[in-house]
Every structure is written in C-alpha cells, then in structure tokens.
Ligand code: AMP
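Starting off, we have a lone chain in the form predicted on its own, written out as structure tokens.
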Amino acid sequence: MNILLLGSGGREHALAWKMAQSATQRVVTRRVKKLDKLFIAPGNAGTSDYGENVSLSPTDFTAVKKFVIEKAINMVVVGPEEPLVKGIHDFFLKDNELKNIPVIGPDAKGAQLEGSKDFSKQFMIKYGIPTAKYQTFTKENISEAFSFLEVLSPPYVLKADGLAAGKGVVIPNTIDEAKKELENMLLNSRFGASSAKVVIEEFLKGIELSVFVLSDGKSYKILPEAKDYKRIGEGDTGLNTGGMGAVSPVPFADKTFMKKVEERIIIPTVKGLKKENIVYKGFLFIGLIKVAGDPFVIEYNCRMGDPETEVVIPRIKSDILDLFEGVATQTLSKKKIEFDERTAVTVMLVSGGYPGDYEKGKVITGLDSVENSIPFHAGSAKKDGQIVTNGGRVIAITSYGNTMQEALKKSFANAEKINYEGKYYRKDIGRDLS
C-alpha cells in the first residue's frame, strides 16, 4: 500500500514509526509487503526517517486530492483534528475519484464530538454517559451565564465550544475571575470564533486519564490507556499546554475501573454513534476523570492525543496497518490486538517561553547520543543540514521500563543529552503516580 499520513507533530512521528514497521509482514513462511511507500504531510525532521515528507497542508483538500491521485495512495491516515472537523472524510466520500480510498478518521459529524463541546455534552446526556453538569452560553445570554456561575462552587470550568488547539479550557478559582474570563471569551473573542459559545461545567474533583478506542463503525478495540500532564509547571502549576509528558499504563486504571469505563462509557458511546447514523471509522480519545472510583467523561477527541500517542502506540505489538485495514473494511472485530506489558513514558522538551511566545530556529544537538529511548519529533525541521526547533513542543523522549521509574530514568537521562537554546522540560512526570 501507498499511505498518506496527515500531520506534523509527535503523534504523527509515532504513527509513522509504527507504520514503517509494517513494511513487511510474515504470512506463514513467506514475507508479504504491507507498506510500499509512506508519505507524511507536512511531517517534521523526525518523520522523514520513516517516509517522505510532503509540503502539503492537511486542510487543503484540493491539493490533498491531487497528491493522492498522482501518487496512487491507497489509504489516508489523519493525525490532527482540524482536517477531520473540516470534513476531509466527507470530501473523499463525495468525490468519485476518491470515494474508494479509505480514510482513517471520522466524518465531520463524528468529529463534532471534538469540534463542538456543546454537541458532545448533548450527546453524553442523550445516551446516559456520565459527565459533569453543564450549560452552554453565548454573548446574547451572558447575564444568564453569570447567574449559572453563581450557583456553582469554585473552581469553575469554562470551555470554548470550538477547537482551540487544546488550550480552550480555563479553570478560574474565584467567581470574579470566572466572570472576567467569561467576558474575555464571549465578548473579547479570547479564542476567536471557537469561544463564540462557552460551555460552563461543574468542577469534578478526581484524577484524570485518557482512554483510546479504535472503531470501524460497528466494533471497537480498546487501546492502552495513558495519563498526560497539561500544565507547564511542575506540580501541575501554570498555564495549560498541549501536553508535557505521558505515562502508560496508568496504575489506578485497574481491571475493575476499566470494566466500568467500557460498560458505562465506551459501549454507550459506540451505540449512540450508531443511533445517530454516524459511521465512526478511526480513533476516539475519551478524556476521563476518576471520581470516588467512578469514571466521568471530561471530553471526547476525534483523534489520538499528543503526547499520549507517544506512549500508547509503542505499547501496541500488533501490526497497525492490519488494524487500519480492519477499520477500512469493517472487519476490526476479526483482528487481534496485543500489547507490550512494559511501562512506556514520554517527557516533552519544549521551547523557552512556551505556551506563550517563543522563538523558532534554535539548533538542536545531542540527538545522536540518545540511548535506550525513542526521540519522537514534535516541533522540528531541517534547515541548512541541521535540525532546528519549529514549534512550542519540540521533542518527546519515550522510553520503556519494567517499572515507571525505570522508564522515567531513561527519558530524563536523555533529556539532558539533547540541547537547544531555551530547552525546558518537567522533571516531575509520573510523580503523582508513584
């Protein structure tokens, strides 16, 4: 197969790394080629080790079509949420030249689980999926929003309805701060059009984790769970980021808890999607919080998380292209999925100033000295023969270990070997799980 992978982050590097392992597959005593050519659009300095980077925007569907036809692409795997929410799957289905090419990722209606917080909350309520109480507001009824805040107890959870690059959630500690943030979102467009609607939720106190599902629209496979760390500062302080590290498996997600997750959340979600006539083909990321032993949904995402992908994908022992073929042909239930029992952790190296303003183009050194870890590139590029920073999150250093501490020791050791001006990383990843 010729495959086009859309995206440019650590998630896409991890997917490219895994798909490249499917280049050949042993069938009985002969080897059958599974992957002929992998293209990554636009990719980064790391993805080019596993395929060919292409200067192509994932949301330029016309350009994607032209490339798919020119290169005889047999499957498109969509990494980030934006092209899914904008309807790339629908674009393929409606085009006579593309309709038979599988797209791994839901259609626009399915992607609304992430594209609209209000849609996803309505979906959860409709299908009895446990979640926090909420109401949705616009600038037209901001006075009602103020009244709703008054009946809640602090802290307060304010979410931009639309996509905001993982940063559209604000959790003020006082009512005055909450009202100010709400005005900022609704009246001053803090998150642009994404905060034209704001979902206000009750705050749930517990510990968070992420659960991942791969679905073909009829059946599903539960992937390894993970816990990520969103705050920039150690001790979970400071601004929200796209993610500073992740751990899998999650010690507190035991069999009893995961059975509750499957019965109360995953099964009702899959059944609900069917009832809504949504043929969901792709990854579903369920952000959960464990409250007094029970799971509640914080949010859905229509793709894999980042940096969770960098610990989840390395723990999948099965051929990922075989799983993707199962998604495409709705035969996923017949596929076997096996996991590595070891712990995988990732530690994210970020640019100085992130998640605020930061500079790009800083030369990265020390990558060739990394041992016993996998450096997944997130925001990097090649320039004049050197690898340079090209984003806020730069490198995710993933390691395996028989224990979380063993894996973390490797990642932290290699974090010291990689250098660039302004490098920063959290040194307390996993500490809350010890």
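Bear in mind that the values here come from a model prediction, so they are computed numbers and not experimental data. Sequential numbering from 1, following the sequence displayed.
Just so you know, the form predicted together with the ligand exists too; it's not on screen, but the next bit is about it.
Look at 169-177, 189-197, 90-98, 266-274: in the predicted complex, residues with non-hydrogen atoms within 4.5 angstroms of the ligand sit in 169-177. Remark: K230 counts among the residues lining the ligand in the predicted complex, judged by a heavy atom distance of 4.5 Å or less. Contact annotation for F252: none of its heavy atoms lies within 4.5 Å of the ligand in the predicted complex.
Within 4.5 Å of some heavy atom of the ligand in the predicted complex lies at least one heavy atom of E201. Although the partner is absent here, I337 is not a contact residue: none of its heavy atoms lies within 4.5 angstroms of the ligand in the predicted complex. Think of it this way: in the predicted complex, the ligand has a heavy atom of just one of A328, I298, I73, A108 within 4.5 Å, and the residue is I298. This chain appears without its partner; in the predicted complex, the one residue of E181, E208, D319, E262 with a heavy atom within 4.5 Å of the ligand is E208. Each of K117, A132 and V157 places at least one heavy atom within 4.5 Å of the ligand in the predicted complex.
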